[in-house]
Ligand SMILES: Nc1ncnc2c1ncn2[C@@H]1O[C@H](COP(=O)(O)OP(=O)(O)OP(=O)(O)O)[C@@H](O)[C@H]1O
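Shown below, as structure tokens, is a lone chain in the form predicted on its own; questions about how it binds or moves come after it.
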Amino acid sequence: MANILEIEGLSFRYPDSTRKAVVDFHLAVPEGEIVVLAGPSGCGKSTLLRAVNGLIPHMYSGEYSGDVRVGGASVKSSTMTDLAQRVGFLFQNPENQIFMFTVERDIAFGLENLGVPRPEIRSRVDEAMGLLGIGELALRAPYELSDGQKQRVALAGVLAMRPRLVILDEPTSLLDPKTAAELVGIVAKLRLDLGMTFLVVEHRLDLLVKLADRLVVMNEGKKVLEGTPREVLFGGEAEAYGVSVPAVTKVQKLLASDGLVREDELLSAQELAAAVRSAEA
């Protein structure tokens, strides 16, 4: 399968900094994958996301080397308008990207800026609301919505642009556990039904380890670990780089070492409990 995202030797230093925020970073993401980025605050994750969606180098100047390609086209030689149609970005706080008077107007905003014909805008807005189950919110004002509903509206605005790659920047950080799990379920459905590709920065790994194809850990601007979530979290090095390993994974690793549960894949809390009960039977 073709790569939708290719990062080759990317390094970047902000003008007011003495050290590089990203250092010789390499990553290839095939279409349809879900890749999770993890690491301590200040490790370079946000800078990397800015380089993928074009804010670097188009909006942020600095010392830049290497290349980032989305859909085969270099970010450096693409316009922000072109990139907006190839890379969608969901902010940590949805209030940073929803600001119109009604939900449907907010979802249509990006399309209107691109000059998309009105019938096409109507079709895409309806499609995005249908995908996220928010059609009944169409005429509601965004300020009336819950945090979970706001996150869905913001994501609908991204999906309406029909990007090939969607970036989620700590999408569950402001959500309660139930709503966060619902959002992760939406991501799974979008990947399954539409083959969408996701690059996700997330600290709450327990929500994503069963879903992600790969886990990439950054530290001091460098990629220090990469593999399946099981390989990275069972490997023993992730915590040394400030990654919070889910408690259920720690328990599974201990029980697997005693032969009480399998270790071929990461288990959810429910699966682990079932495995323990089976071992005790």
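Not measured: the values here are computed from a predicted model. When you see a residue number, it is the position in the sequence shown, counting from 1.
Not on display, but discussed next: the form predicted together with the ligand.
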- line: Among G227, G66, P40, P57, just one has a heavy atom within 4.5 Å of the ligand in the predicted complex, namely P40
query: H203 near the ligand in the predicted complex, any heavy atom under 4.5 Å?
result: yes
field: Contact of T47 with the ligand in the predicted complex (heavy atom, 4.5 Å)
entry: yes
query: Is there any non-hydrogen atom of D126 lying within 4.5 Å of the ligand in the predicted complex?
result: no
query: Looking in the predicted complex, any heavy atom of R262 within 4.5 Å of the ligand?
result: no
statement: When the ligand is considered in the predicted complex, the residues of 9-39 having a heavy atom within 4.5 Å of it are Y14, D16, R19, A21
